[in-house]
Ligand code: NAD
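To begin, one chain is listed below as structure tokens, in the form predicted alone.
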Amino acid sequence: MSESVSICVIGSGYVGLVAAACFAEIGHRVICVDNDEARVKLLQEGGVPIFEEHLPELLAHHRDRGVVFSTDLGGAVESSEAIFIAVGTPQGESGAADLSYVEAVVSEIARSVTGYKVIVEKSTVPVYTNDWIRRVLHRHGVDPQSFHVVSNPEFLREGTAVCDFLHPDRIVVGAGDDRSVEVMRRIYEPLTGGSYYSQPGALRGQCSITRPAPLVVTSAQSAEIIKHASNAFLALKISFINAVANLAEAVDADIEDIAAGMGSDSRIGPKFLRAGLGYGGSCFPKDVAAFHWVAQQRGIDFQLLSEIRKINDTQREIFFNKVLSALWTLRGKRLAALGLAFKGDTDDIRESPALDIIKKLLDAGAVVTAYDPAAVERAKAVMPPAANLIYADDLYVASSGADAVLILTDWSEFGNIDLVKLNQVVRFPIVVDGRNLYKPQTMAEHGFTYVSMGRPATYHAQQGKPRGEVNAVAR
């Protein structure tokens, strides 16, 4: 059995909460701290504030045993050997990451350092943040011998974050001393040594006893750049395939065939070669912008990052114009919007292409009925129901009487629609698919006019039904 380490995780968002639950899962003692008293109370009482596969089960199993939740940062720091900072680093107006939350937390940590501590950057931060954390601690009078600062970037995908944590492609540790590296090795040894994967009930995935998680040890600066560079490169793949999709559509080629041919090359690989509405969420937009800002500060003209962002923004305009072309005018048109989250398997709506497109449709005078399996409540917080924005609790209810159905998020539910039933409830059998979840031939066979991304549209001659003849769906 691996040695248990006492860990404090500061922040109970997507990164912090998953990290706290997973550290407990691999045998450590964890205190997860947040200054949001209502959120901490919810967690203490058994609630789970975010939608993430496997997370409710892990929290239920380890709550009040392997992991506890608290608002007492000082007490948690005092009783922990490693302190993981997992607070937000939102994008500022200049594109730089706003590190004010990190600085505030570090200032609080400084008041409670008793004995040796390893302070770990888990939030996504620009290069040299480790130096600034060290300086802040020094300014507050903390003995330089009583701490080390380590960069340990996360590479979690929302929707699969628990599995990504326990079965990582790599664990990156950036440090400049042997002592802190040894603490980090102890923390991750159940994964890097493989012992976790032999435990009864261990979550299954790509790693195993014979194929444990790899540990990559670098300087702190390298680790910080690895995170930003990785996300920027993935955003590049998404933007690249979307740019190719626009070309493919212009010459009547099929982007799905092109992506399959490209992805078969082992040097390229198939992941992130899905044409669609572009990237969103809390990571890619701000990380690309922050990486660009860092490069500019160092006198590096990283023009490629500007093009990535430009292509991504353009995809939303392209989709909006597809809807406009399919319907001619939008004022008074009834549209079913399937999807609110920035991608499937999460309730995160930050930088969601779906919300951006819905806002454009509302501004154009359309009436939108929206449905999402998990993100409705979060969407209502930023886009309250209105006369021309309605929320439904079922995709067929959302589609009832619609002039067109728009697929905005790649939930598996949206890729398995009963097309016969859908055709019965809509006013006009028109689907504009921003995620390419269907084959054009399949949609044509079911009587739909089908418009997608990077593929020729298919048109069906079937006439619409007068509004009075649209089949009603029971609410």
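Residue positions are given as counts along the sequence shown, with the first one as 1. The structure presented is a predicted model; accordingly, all values stated were derived computationally and were not measured.
Missing here is the form predicted together with nicotinamide-adenine-dinucleotide (NAD); even so, the following discussion is about that form.
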item	value
Full three-residue contact with nicotinamide-adenine-dinucleotide (NAD) in the model of the complex, heavy atom 4.5 Å, for E3, D177 and R179	no
Segment that reaches nicotinamide-adenine-dinucleotide (NAD) in the model of the complex - one of 206-214, 140-148, 252-260, 98-106, heavy atoms within 4.5 Å	98-106
Residue (of G88, P168, P126, P373) lying close to nicotinamide-adenine-dinucleotide (NAD) in the model of the complex, criterion heavy atoms within 4.5 Å	G88
Answer option from I311, L191, V172, L73, heavy atom within 4.5 Å of nicotinamide-adenine-dinucleotide (NAD) in the model of the complex	L73
In the model of the complex, E413 touching nicotinamide-adenine-dinucleotide (NAD) (heavy atom, 4.5 Å)	no
C283 within 4.5 Å of nicotinamide-adenine-dinucleotide (NAD) in the model of the complex, heavy atoms	yes
Partner proximity in the model of the complex: F23 to nicotinamide-adenine-dinucleotide (NAD), non-hydrogen atom cutoff 4.5 Å	no
is_contact(G11, nicotinamide-adenine-dinucleotide (NAD)) in the model of the complex, heavy atom dist at most 4.5 Å	yes
Those residues of 146-171 which, in the model of the complex, come within 4.5 Å of nicotinamide-adenine-dinucleotide (NAD) by heavy atom	E154, L156, E158
